[in-house]
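Coming up is one lone chain in structure tokens, specifically the form predicted on its own.
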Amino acid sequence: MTIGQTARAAGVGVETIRFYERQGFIDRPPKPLGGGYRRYPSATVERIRLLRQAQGLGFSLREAATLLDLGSRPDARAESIRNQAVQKLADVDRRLEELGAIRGALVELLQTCPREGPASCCSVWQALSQPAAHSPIEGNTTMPQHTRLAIEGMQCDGCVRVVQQALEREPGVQRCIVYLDNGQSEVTHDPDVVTPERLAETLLSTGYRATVVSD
């Protein structure tokens, strides 16, 4: 299959396949000596599908690749796969606990908001003005990380909204600004919850390729 046929069979974009190749998640077929298109085996389609399914269970792309490589070994044991899933479940539970605390804090703030009058009277605005006094997660001393992403393919304000919404849905993201003019996004996030690489992977599902920009 050509790269286009492979992409359609796997349900991804061509740029996604090229990104997987550059990162070493799938093998790039050699170019035919007599010219023509590279031909991808059906095993590549299956591997991409498995990578996406593992991501659907919460594994990062790199974690998913490690899991697949581990399971394909002739000496692979069930407990090795299970241990990876147990670790991911613990990570999900931790995130759920943090999100539950955040939800509780938001519910409390909404219940005490007067709904009318100047913005200064709103408990939500007061919490934004004094975040330390309303921190929903006690004892969290992790400093937020600021990550800049270069995003390919944005052409309009609609693209900006899609990218911003995708990043803001990622657990651990505290603030996100997307710029159409330079094709970049600035993201403030908790590095213990989401990594810069995970932020870039998140945008693949929306059809945009992102790379982490080093300052």
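We number the residues from 1 along the sequence you see. For the two forms, the rigid core is made up of the largest set of C-alpha atoms that agree within 1.5 Å on superposition. In this text the structure is predicted, and so the values were computed from the model without any measurement.
The same protein also exists as the form predicted in complex with another copy of the chain; that form is not shown, yet it is the one meant from here on.
> Just to confirm, Gln145 within 4.5 Å of another copy of the chain in the model of the complex by heavy atoms?
Replying inline: The answer is no: Gln145 has no heavy atom within 4.5 Å of another copy of the chain.
>> Within 4.5 Å, heavy atoms only: does Val162 come near another copy of the chain in the model of the complex?
In response: Heavy-atom contact with another copy of the chain at 4.5 Å: present for Val162.
> Is Ile17 close enough to touch another copy of the chain in the model of the complex, meaning at least one heavy atom pair within 4.5 Å?
Replying inline: Flag for Ile17 set to no.
>> Taking any heavy atom pair closer than or equal to 4.5 Å as contact, tell me whether Arg47 reaches another copy of the chain in the model of the complex.
In response: Judged by the heavy-atom cut-off of 4.5 Å, Arg47 is in contact with another copy of the chain in the model of the complex.
>> Is Thr16 displaced by at least 2 Å at its C-alpha between the shown form and the other one when the rigid core is overlaid?
In response: Thr16: C-alpha displaced by less than 2 Å between the shown form and the other one.
> When the two forms are laid on each other by their rigid core, does Ile26 show a Cα shift of 2 Å or more between the shown form and the other one?
Replying inline: Where the cores coincide, Ile26 shows only a C-alpha shift between the shown form and the other one that is less than 2 Å.
>> Could you check, with the core superposed, whether the Cα atom of Gly153 shifts 2 Å or more between the shown form and the other one?
In response: Gly153 C-alpha, core-superposed: shift of 2 Å or more.
> Versus the form shown, are the CA atoms of Leu51 and Arg161 closer or farther apart in the model of the complex, given a shift of 3 angstroms or more?
Replying inline: Pair moves farther apart in the model of the complex.
>> Flagged pair Ile151/Gly56: C-alpha distance shifts by 3 angstroms or more in the model of the complex. Which direction, closer or farther?
In response: Compared with the form shown here, the C-alpha atoms of Ile151 and Gly56 sit farther apart in the model of the complex, by 3 Å or more.
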